[in-house]
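Next up: a single chain in structure tokens, the form predicted on its own.
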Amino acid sequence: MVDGSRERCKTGIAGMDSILDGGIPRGNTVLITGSCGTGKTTLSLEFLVHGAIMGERSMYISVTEVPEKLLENMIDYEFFDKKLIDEKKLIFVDLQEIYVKLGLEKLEFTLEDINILVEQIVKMVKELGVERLVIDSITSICYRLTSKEEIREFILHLGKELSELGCTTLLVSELLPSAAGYSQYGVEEAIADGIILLGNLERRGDLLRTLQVIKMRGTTHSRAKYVMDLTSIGILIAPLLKGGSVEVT
């Protein structure tokens, strides 16, 4: 049942908030899923940057790439100001450093290890007053879990704790182009409050990026497929018409 009174976390991304009838319901845990090169990290970063600009402390937890390299490869947004980082409105965290701090330098995690990791992430969010969080990627963490039950427990526990703090979370999920579902293990998609699927579409020799909201608890939303363009002024989203053409507005 849709609760129209729920506060919305506006993404600030042109077209996205309209698709979501006002934005992501605050406190939702959303899976940003797609194959390589579909714009998952770019969309997640822009979500955080807009949040920081609007006064919401935002945090990016990088699992596989050091923050310095991530920032070097970041699109040169016209609206991005490095002061957001200097003033700690936008915070970057290297999860590998957290692993070392917690003694989790191992190939496989136990249930106890999972709980320790969740507690540390929740602690950072609570102490820093983080309202927007991105974990990139959740798939890389799940590689260290030995069963679907552990993956389920990890995402359920993390999502519940963050939701209670009012933190809106994007979990970046890596997906093979040939995958039948919306996540690597088939567990993440069932637990998440929302799924935003990014893809590639070949059209007349061009490779277009596409975006589609598969589900989003707490709001009505469009389920149509859109074309997504990455530009220096931010992500632009346009309707994909029948036959694969793009509506120019």
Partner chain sequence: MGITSKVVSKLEELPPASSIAVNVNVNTYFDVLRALVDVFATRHDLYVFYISSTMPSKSIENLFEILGIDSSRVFFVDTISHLMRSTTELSDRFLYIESPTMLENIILKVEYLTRKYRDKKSIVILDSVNSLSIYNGTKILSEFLHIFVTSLRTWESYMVIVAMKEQNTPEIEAMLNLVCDEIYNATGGEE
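Take the two forms, superpose them, and find the largest set of C-alpha atoms that agree within 1.5 Å; that set is the rigid core. Every value quoted in this text rests on a predicted model; they were computed, and no experiment measured them. Residue numbers count along the first chain shown, from 1.
Note that the form predicted in complex with the partner chain isn't included here; everything after this is about it.
Engineer: For L207, is any heavy atom within 4.5 Å of the partner chain in the predicted bound form, or not?
Structural biologist: Residue-level check for L207: yes, a contact with the partner chain.
Engineer: Does P239 reach the partner chain in the predicted bound form, with heavy atoms at most 4.5 Å apart?
Structural biologist: Yes, P239 is a contact residue.
Engineer: Is L20 part of the interface with the partner chain in the predicted bound form - any heavy atom within 4.5 Å?
Structural biologist: It does not: once the partner chain is placed as it appears in the predicted bound form, L20 has no heavy atom within 4.5 Å of it.
Engineer: Would R203 count as a contact of the partner chain in the predicted bound form, using a 4.5 angstroms cut-off between non-hydrogen atoms?
Structural biologist: The answer is yes: R203 has a heavy atom within 4.5 Å of the partner chain.
Engineer: So, a 4.5 angstroms cut-off on heavy atom distances: do all three of A14, E78 and D229 pass it with respect to the partner chain in the predicted bound form?
Structural biologist: Checking in the predicted bound form: A14, E78 and D229 are all within 4.5 Å of the partner chain.
Engineer: Among 207-215, 41-49, 179-187, 66-74, which stretch has residues with heavy atoms no more than 4.5 Å from the partner chain in the predicted bound form?
Structural biologist: That would be stretch 207-215.
Engineer: Scan 135-160 and note down the residues that get a heavy atom within 4.5 Å of the partner chain in the predicted bound form; none is a fine answer too.
Structural biologist: Going through 135-160 in order - heavy atoms within 4.5 Å of the partner chain in the predicted bound form - there are no hits.
Engineer: Hey, does G55 budge by 2 Å or more at the Cα between this form and the one not shown once the core is superposed?
Structural biologist: Moves: no, less than 2 Å.
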